[in-house]
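First comes one chain, alone, set out as structure tokens in the form predicted alone.
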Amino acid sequence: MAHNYKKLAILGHPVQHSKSPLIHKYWIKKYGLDGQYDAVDSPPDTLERTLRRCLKEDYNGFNVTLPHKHSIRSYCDFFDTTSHEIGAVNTLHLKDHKLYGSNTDAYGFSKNLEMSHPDFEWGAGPAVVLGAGGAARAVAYALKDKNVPVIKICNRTLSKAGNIVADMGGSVMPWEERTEAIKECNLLINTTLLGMEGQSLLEMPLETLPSHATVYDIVYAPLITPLLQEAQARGNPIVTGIGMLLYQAQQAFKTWYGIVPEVDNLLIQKVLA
């Protein structure tokens, strides 16, 4: 096996629908690199056993998806600052027989917005985050890192929103007050699964949203969600979720190979096919 050969995998349960193998195999081939990328299904009660087996089989890098982003931290020797503050790891690399954990979700979120709208001003006004799950934590971290002046976490379960606010700052908004929360909004982000194919619709009226506000939905199936359709019809700038997926993968690929792969149109088409 070549010295620079990378044996990579995504760990999760389930993983059969993950786009990560497609994305990373595309880049490995595009740049003429040595490596493989596999999908390894691991139910929660088998995670430690699966990880140890993979390390014995000379895997030296991993992506981590649900439900392991939090629990995988127990097996890391070191964390980067981002994964420590978010409380989740989605990328692992092996160096000197030590596992290093990092989180690229916040990078993927902000990079996607900046590539979609290069003139976007993070500090121009409040941001409203719908949802309070793991993705919302990563988004809140990114907003804090970009010095967004006001961050509002809007969720049905106030205690979950409160946990994010306690760690990242901002304020809690009851779900029932979401139309009030967006009145002076500069950025509205949906981090819930509502609006995704097979899920319930997101009921988020936009009548009170300022006309300049950017609407960002991290869902990418469908690419243009009902929320984004309504925003487009009103003339609001929109950001689709496919870029967040690809740019978080870009940062992981850089961690393993030391190069920043291009997010090109052909890759986007392959992922959306």
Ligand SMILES: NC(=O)c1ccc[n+]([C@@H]2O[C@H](COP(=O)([O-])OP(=O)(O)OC[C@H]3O[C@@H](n4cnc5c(N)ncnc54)[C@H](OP(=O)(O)O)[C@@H]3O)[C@@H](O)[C@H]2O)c1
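Note that residue numbering follows the sequence shown and begins at 1. Fair warning: this is a prediction, and the values are worked out from it, not measured in the lab.
This protein has a second form, the form predicted together with the named molecule, left out of what is shown; the following refers to that one.
- Using a 4.5 Å cut-off to the named molecule in the predicted bound form, each of 175, 191 and 218 places a heavy atom inside that distance.
- Not displayed here, the named molecule is approached by residue 135 to within 4.5 Å at the level of heavy atoms in the predicted bound form.
- Taking the partner from the other structure, the named molecule in the predicted bound form has a heavy atom within 4.5 Å of a heavy atom of residue 155.
- Although the partner is absent from this view, residue 61 stays clear of the named molecule in the predicted bound form, with no non-hydrogen atom inside 4.5 angstroms.
- Remark: residue 66 counts among the residues lining the named molecule in the predicted bound form, judged by a heavy atom distance of 4.5 Å or less.
- With the partner omitted from this view, the residue of 93, 146, 160, 73 that lies near the named molecule in the predicted bound form is 160 [heavy atom within 4.5 Å].
- For the residues 196, 181, 165, 99, the 4.5 Å heavy atom test against the named molecule in the predicted bound form is passed only by 196.
- Stretch-level contact check against the named molecule in the predicted bound form with heavy atoms at 4.5 Å: of 238-246, 42-50, 23-31, 205-213, the positive one is 238-246.
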